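Only one chain is shown below, in structure tokens, and it's the form predicted alone.
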């Protein structure tokens, strides 16, 4: 990677040391130009007319995301954000009384709310699989639960937002295939950071966002649904994008993943997200992963050497998310001090991870990307003891 060139292709790098990529990354110039260009075209000739003229780059989104994931274009849906993508798939699963939903302690509370809602409505049961000592999902415990039967869904996050670990997604996929159980992967923090292949992972459904490590626009996300299970899922709502109306009182759902879409969408965002996916694929996801994980490891090492700083990250395989506390300083105060020094970080909130049995304090979260530099890491360290 030519980091100088990549930084020059990222206007925000001249303004700030951006270590909040797990929140929203800085977009590169091609993404900015794609979004701005289509929006300007809408302003000049009209929204419908602009969509007709840019039909090819709109459609390119499906090929670009599929290429990034090793999927088929007809297994990809454009959705306005990762939460709605996840919801559209989860609420499409035909849960029944007695079904078991297995998840992990690090599950995001937004997903946990959906589990509890469905459990109350359908008579399903939500069960949290325990961790290994390093904080990752215990594969032995998961296999034991799968062997008991009645598991309708295994659902977990690939990379939690609050502790830096990477869950063993492919190993979970192998177990789910062996037991014939549906597997939903929340890849909000991993797509764009790690090399991903849905066939190797073995997930049936995957949701992700555009704004984080993929460096796409906010207000964009996507859903992958394996073609072999598509006909078993009925989206919670449909429109003329998702289904064809058959007068006088019938309809037929689409036979591809676009049954999870709605007709109205952020068209400029869809174009920009396709450009972002192509941009990442062009750089090479293996190279991106190496760069991100290397920078994060360097930052952890430097933080751990600082007196009064405690690195909180877990997992045998840490990600590009680095979390820590500073003795005697509130994380929000550290965030504010970093902002004054021209460095963006964020603060994790324990309420976002309600299944974690070990109460974790709020913490500073620094999430690196490939365009970050050692000098930017030093700028963050300079505001610490």
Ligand SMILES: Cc1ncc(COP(=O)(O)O)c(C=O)c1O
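Positions refer to the first chain, counted from 1. Note that the structure is a prediction, hence the values are computed from the model and not measured.
Form predicted in complex with this ligand: not shown, discussed below.
Under a 4.5 angstroms non-hydrogen atom cutoff, this ligand in the predicted bound form lacks residue 206 among its neighbouring residues. This ligand is not drawn, but in the predicted bound form it has no heavy atom within 4.5 Å of residue 274. Heavy atoms of residue 82 reach within 4.5 Å of this ligand in the predicted bound form, making it an interface residue.
Though the partner is left out of this view, residue 154 does not reach within 4.5 Å of this ligand in the predicted bound form, counting heavy atoms only. The putative spot formed by 108, 189 and 212 is fully lined by this ligand in the predicted bound form; each residue has a non-hydrogen atom within 4.5 angstroms of it. Proximity to this ligand in the predicted bound form, defined as a heavy atom within 4.5 Å, singles out one entry of 136, 103, 258, 161, which is 161. For this ligand in the predicted bound form, the listed stretch (180-188, 115-123, 308-316, 250-258) containing residues with heavy atoms inside 4.5 Å is 180-188.
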